[in-house]
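As a starting point, one isolated chain is supplied in structure tokens, in the form predicted alone.
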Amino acid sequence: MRTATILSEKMLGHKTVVVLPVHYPRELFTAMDVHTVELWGPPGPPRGPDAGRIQPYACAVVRNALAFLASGGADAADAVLFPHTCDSIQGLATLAPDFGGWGKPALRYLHPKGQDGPAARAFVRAELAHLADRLAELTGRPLAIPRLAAAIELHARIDRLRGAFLSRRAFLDMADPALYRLLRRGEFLGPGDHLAELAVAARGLGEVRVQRGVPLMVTGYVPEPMTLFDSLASAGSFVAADDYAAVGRRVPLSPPADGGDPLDMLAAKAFTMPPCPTRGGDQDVRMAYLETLYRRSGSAGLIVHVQKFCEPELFDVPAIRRRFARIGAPMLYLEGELENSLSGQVVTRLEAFVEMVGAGRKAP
């Protein structure tokens, strides 16, 4: 599907950039007619032997990405963007050309770490301007500010719909497997196509609660394997609150400021996103956010779903355990490595957790 989308974009004269997780300025790419396709691994076994060039205690996202690039999996693209999500992904910007044989441009983007402030805003704006210059080299066309303003508005509409689906999950007449497939199609579809799909799905968002299962909150890096949602649905639960880095943490908490310089608006957006350990920040602020999200959604339990060796996510797990133990929230910890499907053992643990949480809700 991703390769077919890249080829169709090429027919429109658009360049394609493969993007490593997590945070990057999508609006800038849209404004410059550059199609983005995200590379979350991909899931499953490495697509070649080059994963072995990285130490085995690096996360599967990084190891699989290097193998995928080295095997030619992204050869239809014109460049790769490496955001500074973690040291391992940033290091791929060097490893992919040196070890993986990637001969096309390797772009970098350092998103802000920590709290908002004048110096932080200036740093992000400079990073955006530098990335725009690199994209201009790729496309042969400079950034047009009016087009950036239009792209910001387009992506704001997408964010509003995605945010509505997640914040009013219990009122959306769609099962979790279908919802997450829809939300993750934004990882490779053009923004106009993704917006059209979201608008159709929004017809199922009403005023009457339609989800009757056990409401759970999920936090983690990326929802792989996607069969997780099939197992949860079969067990009689649904995801009432999402804090995946790949999903919920990429929906801003407030809309972009109206008017002003579009680059300043885009820089400001970076500080309206939910707390994310890949962007640093105050851990206490994140714990307070997670508790608020949990309570507001009416969740009855928490699933912490992390990728093995994912340091940014793992650093916060002890704090999550303490915070949710303090409020008496049932918690299930799952650790994976981008498997294609859940093991029978994990499915059994999920079923038992849902049964336990459900029984606790019915107890007098």
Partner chain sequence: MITRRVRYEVVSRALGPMLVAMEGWRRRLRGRGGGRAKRPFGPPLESTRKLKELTTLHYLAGRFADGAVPVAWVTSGFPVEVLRPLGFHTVYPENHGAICSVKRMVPELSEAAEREGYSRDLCGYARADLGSVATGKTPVGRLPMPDLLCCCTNICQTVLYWYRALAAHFRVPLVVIDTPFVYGEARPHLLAYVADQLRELTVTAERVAGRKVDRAALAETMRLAREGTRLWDECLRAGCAHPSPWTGFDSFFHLAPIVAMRGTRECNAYYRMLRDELNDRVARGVSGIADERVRLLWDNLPIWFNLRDLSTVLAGNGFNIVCATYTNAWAEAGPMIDPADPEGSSARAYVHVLLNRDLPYKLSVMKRLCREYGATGAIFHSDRSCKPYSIGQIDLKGRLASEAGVKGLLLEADHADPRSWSEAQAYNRLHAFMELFA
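Numbering follows the first chain given and starts at 1. Nothing here was measured: the structure is a model prediction, and the numbers come from that model.
As for the form predicted in complex with its partner chain, it is not shown, yet the points below apply to it.
* Which among 24-32, 291-299, 39-47, 312-320 is in contact with its partner chain in the predicted complex, heavy atoms within 4.5 angstroms? -> In the other structure, the partner sits against 312-320.
* **Exercise: residue 108 in contact with its partner chain in the predicted complex, heavy atom 4.5 Å** => Answer yes; at least one heavy atom of residue 108 falls within 4.5 Å of its partner chain in the predicted complex.
* residue 144 within 4.5 Å of its partner chain in the predicted complex, heavy atoms -> Contact with its partner chain, no.
* To do: Please run the contact check for residue 123 against its partner chain in the predicted complex: heavy atoms, 4.5 angstroms, yes or no?
  => Residue 123: contacts its partner chain in the predicted complex.
* Report yes if any heavy atom of residue 186 sits within 4.5 Å of a heavy atom of its partner chain in the predicted complex; otherwise report no. => It does not: once its partner chain is placed as it appears in the predicted complex, residue 186 has no heavy atom within 4.5 Å of it.
* **Selected contact from 233, 93, 132, 170, since only one has a non-hydrogen atom within 4.5 angstroms of its partner chain in the predicted complex** => Contact check passes for 93.
* Residue (of 87, 137, 193, 261) lying close to its partner chain in the predicted complex, criterion heavy atoms within 4.5 Å -> Checked against the cut-off, the match is 87.
* To do: Look at the candidate spot formed by 52, 58 and 114 and say whether its partner chain comes within 4.5 Å of a heavy atom in all three of them in the predicted complex.
  => So, yes: the whole triplet contacts its partner chain.
* **Residues in 279-300 with any heavy atom within 4.5 Å of its partner chain in the predicted complex** => Contacts from 279-300: 280, 281, 282, 283, 284, 286.
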